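One chain is shown next in structure tokens, namely the form predicted on its own.
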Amino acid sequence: MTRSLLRPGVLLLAGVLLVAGCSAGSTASPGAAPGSPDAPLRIGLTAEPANLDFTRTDGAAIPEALLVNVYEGLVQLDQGTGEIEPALAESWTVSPDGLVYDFTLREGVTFSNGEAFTADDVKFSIERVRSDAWTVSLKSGMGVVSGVEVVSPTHARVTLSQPSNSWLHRMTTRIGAMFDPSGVDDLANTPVGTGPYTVSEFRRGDALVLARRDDYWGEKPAIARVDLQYFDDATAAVNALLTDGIDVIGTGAGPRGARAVRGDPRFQVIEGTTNGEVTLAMNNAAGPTSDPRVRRAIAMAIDHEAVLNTAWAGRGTLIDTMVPPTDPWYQPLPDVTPYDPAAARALLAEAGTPAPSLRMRIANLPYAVASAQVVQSQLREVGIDAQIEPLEFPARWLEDVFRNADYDLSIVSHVEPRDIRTFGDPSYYWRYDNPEVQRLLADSEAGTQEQQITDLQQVGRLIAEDAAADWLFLLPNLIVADTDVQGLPQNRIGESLDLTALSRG
């Protein structure tokens, strides 16, 4: 078990099968042998995008593949430090009252369709998030914007309705992606961005192929073509790596992949941290879990160390609330809901439900399936009958659990940065409604950085005390790759799988 941060790594939810031929627009050689300089880099992942439109489709798989690589924002997140750094904006200033952001844009930037990127696109992109064109839950992060002004082609001014400590950080996520007005007609199939790659092929259930842009405005990536290959299970991904079907596998293969290559000089293992909280969600508004005593009983019935050791071979970090150690407001809270089966039974009896039957509708991803089996066994020990139902991820899980909250328990990894704020939204699939949490989240936006940390620490404690959910562990950033693959990031604390620094030695 890992309680302290390890040296970080890459990849979270994603994947694809080997693409035989060279895709349109790719500069890789169709006949290049695997491992040669001209060959595509083949990355195996486990959560496949349902389509390519993250403006209308929730889930992590689409921004994982496209953000930074195909779409860029004004700012981006440094995966090593967590600091906000320039992207399409070369610099920015903030007014003393925290309401006005002036962005100076880079010159010479073009979209993949040849259109120039200007402040008009900034205005279009931000206003579009606030319109009905965007439907994903994260769009609420743009609600604080009151207006966008085009001062000049290279100067965009964004005015907020009130100070917001989180808005610029949220601009590093998918809601900060810049779009060309003429390139949004078919986002599900044809993304148009300013990034160094374009989507040259997308075969649902098979492959997502990214090809390097020869006309990219910045430093061009070393890898001309990346094949993202999606696998249904860890065994298939590991076998593909061992038989030279892919070059890299991410967290989908997990500890099994690391064990499979132990001592093999052909491969390297990188292990670090992510912000992927493997969360046992509980429906706060319906069924037995609407009673906080039942939720606390569930949390106290779970031996989290045993879950981590059994489900993920001890690789990861135990957390006590919706805050990874890389967030400034991280705090250990081991005494809030300690492992105590006797206390769990007493709480169930007090709630009048000594033997509840619950539907545990989980994402059909390796970490979720493995964790659910351990949790089911532990809950059975205190009288809870949790029936596991794996749902296809992302499509069915998003529809049944995320959108319709048709579940009692669920398990999925939440990879969006600083997602503690989801507990301030009663419509989010937790269906958690706590006015004090909502007040603290609002207060955390306007004060000093020190006040923000204090407010969000209080939020973390409150949601843990309410057992608004239960946090099983934090996924490690665990990558297994051929030894000649270089530039694999040590940390994964944002939404994107950044391909731009990868190369082959």
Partner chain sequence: MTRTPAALVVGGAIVGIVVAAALLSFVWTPYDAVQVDPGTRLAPPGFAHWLGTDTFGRDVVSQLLVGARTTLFVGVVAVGLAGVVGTPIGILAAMGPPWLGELVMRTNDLVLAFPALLLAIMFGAVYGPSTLTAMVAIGIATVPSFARLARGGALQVLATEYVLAARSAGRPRTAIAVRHVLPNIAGLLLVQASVSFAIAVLAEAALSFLGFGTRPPTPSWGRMLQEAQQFLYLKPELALWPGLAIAIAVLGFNLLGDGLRDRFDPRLADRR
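These numbers come from a predicted model, not from an experiment. Between two forms, the rigid core is defined as the largest C-alpha subset superposing within 1.5 Å. Numbering follows the first chain given and starts at 1.
Keep in mind that the form predicted together with its partner chain is not shown, yet the notes after this line are about it.
**Student:** Please identify, from 71 to 79, 230 to 238, 350 to 358, 412 to 420, the stretch that has a heavy atom within 4.5 Å of its partner chain in the model of the complex.
**Tutor:** One stretch meets the cut-off, namely 230 to 238.
**Student:** Within 4.5 Å of its partner chain in the model of the complex, heavy atoms considered, which of 343, 333, 405, 388?
**Tutor:** It is 388.
**Student:** Among 381, 219, 107, 149, which has at least one heavy atom within 4.5 Å of its partner chain in the model of the complex?
**Tutor:** When its partner chain is considered in the model of the complex, the option within 4.5 Å is 381.
**Student:** Find out whether any non-hydrogen atom of residue 155 is located within 4.5 angstroms of its partner chain in the model of the complex, and reply yes or no.
**Tutor:** Contact with its partner chain, no.
**Student:** Can any non-hydrogen atom of residue 309 be found within 4.5 angstroms of its partner chain in the model of the complex?
**Tutor:** Yes, residue 309 sits close enough to its partner chain in the model of the complex that at least one of its heavy atoms falls within 4.5 Å.
**Student:** Whether residue 376 contacts its partner chain in the model of the complex should be assessed with a 4.5 Å heavy atom distance threshold; does it?
**Tutor:** Residue 376 belongs to the contact set for its partner chain.
**Student:** Is residue 123 one of the residues lying within 4.5 Å of its partner chain in the model of the complex, judged by heavy atom distances?
**Tutor:** No - in the model of the complex, heavy atoms of residue 123 and its partner chain never come within 4.5 Å of each other.
**Student:** Taking heavy atoms and a 4.5 Å limit, what residues of 260 to 299 are near its partner chain in the model of the complex?
**Tutor:** Residue within 4.5 Å: 260, and no other.
**Student:** With both forms fit on the core, has residue 135 moved 2 Å or more by CA between the shown form and the other one?
**Tutor:** No; residue 135 is a residue whose C-alpha shifts by less than 2 Å between the shown form and the other one when the cores are overlaid.
**Student:** After superposing the rigid core, is the C-alpha displacement of residue 339 2 Å or more between the shown form and the other one?
**Tutor:** Comparing forms between the shown form and the other one, the residue 339 CA shifts at least 2 Å.
**Student:** Aligning on the core only, does the CA of residue 94 end up 2 angstroms or more away between the shown form and the other one?
**Tutor:** The answer is no, as the C-alpha of residue 94 shifts between the shown form and the other one by less than 2 Å after core alignment.
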